[in-house]
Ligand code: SAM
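There is one chain below, alone, in structure tokens, taken in the form predicted alone.
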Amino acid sequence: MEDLRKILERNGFSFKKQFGQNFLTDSNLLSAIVRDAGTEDAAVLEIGAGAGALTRALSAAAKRVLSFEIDRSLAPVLSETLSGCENTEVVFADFMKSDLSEIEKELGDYVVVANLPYYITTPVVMRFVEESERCRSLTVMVQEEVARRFCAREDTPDYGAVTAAIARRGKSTLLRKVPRTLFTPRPNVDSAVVKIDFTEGGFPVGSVKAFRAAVSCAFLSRRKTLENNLMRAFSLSRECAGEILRAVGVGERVRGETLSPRTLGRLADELLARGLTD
């Protein structure tokens, strides 16, 4: 493909800060992301086609590519960069306002691959975590600090509510770090590629709503014990909060951020059994 910068210039494209546009330009990295995602003969959903460099690499490996792009001014650019990609469709729309259930009806089982704009990284990932039924995995480029948060272990500074939410659905792995020099324009931070595999890891809970409540409670105040957080979040006596912790099998002085996602799942089930959440 012709140099991306020349294509952008020829089509009079100007980068828009509100869309967080930082395009990948390294062909070796693009090929690596496609391999990481396991796209061979798969249906792929891409969030943010950008200038189409990753989209074209996906098209060469996948059975089908459906790509969402919010910036309609990229249409002439994409008509050039995706020329000949017959298995690829670009939808000019805001993915976050689109009907995911309808997309899944159209695609069947699929994988997500994306160089996500930094400002919507967590909302996009959490949408698939909370709503998807046929997504097998997400392979996404995110800020390095966000990647560490997605993959953190309990009782570490990066561990938080989003870590636990992702772990309920699958296994998250930081695959590779990506220097800022590989983007156009160059962002202010380095990035990383994370794969969230919904086909391994994960664990069942009695209620997703109860799990969200348990996680929210655990991280309500990182300096306070989980017992105190339970008392505050659910208006419980210290005695009742202590009973819940003993039923879950954790100590009364434990802090929420030291509990593994699976233990938080047990806490959620206990809260549900006691009628404290739906």
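Since the model is a prediction, treat every value here as computed from it, not as a measurement. Numbers for residues come from their place in the sequence shown, where the first is 1.
Although it is not shown, the form predicted together with S-adenosylmethionine (SAM) is what the next lines describe.
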Subject >> Partner proximity in the model of the complex: V208 to S-adenosylmethionine (SAM), non-hydrogen atom cutoff 4.5 Å >> reply: no
Original post:
Does at least one non-hydrogen atom of A49 fall within 4.5 angstroms of S-adenosylmethionine (SAM) in the model of the complex?
Top reply: yes
Original post:
Applying a 4.5 Å heavy atom distance criterion, does P117 contact S-adenosylmethionine (SAM) in the model of the complex?
Top reply: yes
**OP:** Examine E69 and determine whether its closest non-hydrogen atom to S-adenosylmethionine (SAM) in the model of the complex is within 4.5 angstroms.
**Re:** yes
Subject >> Contact assignment for S-adenosylmethionine (SAM) in the model of the complex, among F95, Y110, F198, F150, heavy atom within 4.5 Å >> reply: F95
Original post:
Looking at V146, L82, V125, L74, which is the one with a non-hydrogen atom within 4.5 Å of S-adenosylmethionine (SAM) in the model of the complex?
Top reply: L74
Original post:
Which among 86-94, 129-137, 163-171, 198-206 is in contact with S-adenosylmethionine (SAM) in the model of the complex, heavy atoms within 4.5 angstroms?
Top reply: 86-94
**OP:** Using the arrangement in the model of the complex, list in sequence order the residues of 15-50 with any heavy atom within 4.5 angstroms of S-adenosylmethionine (SAM).
**Re:** F19, G20, Q21, N22, F23, L24, E46, I47, G48, A49, G50
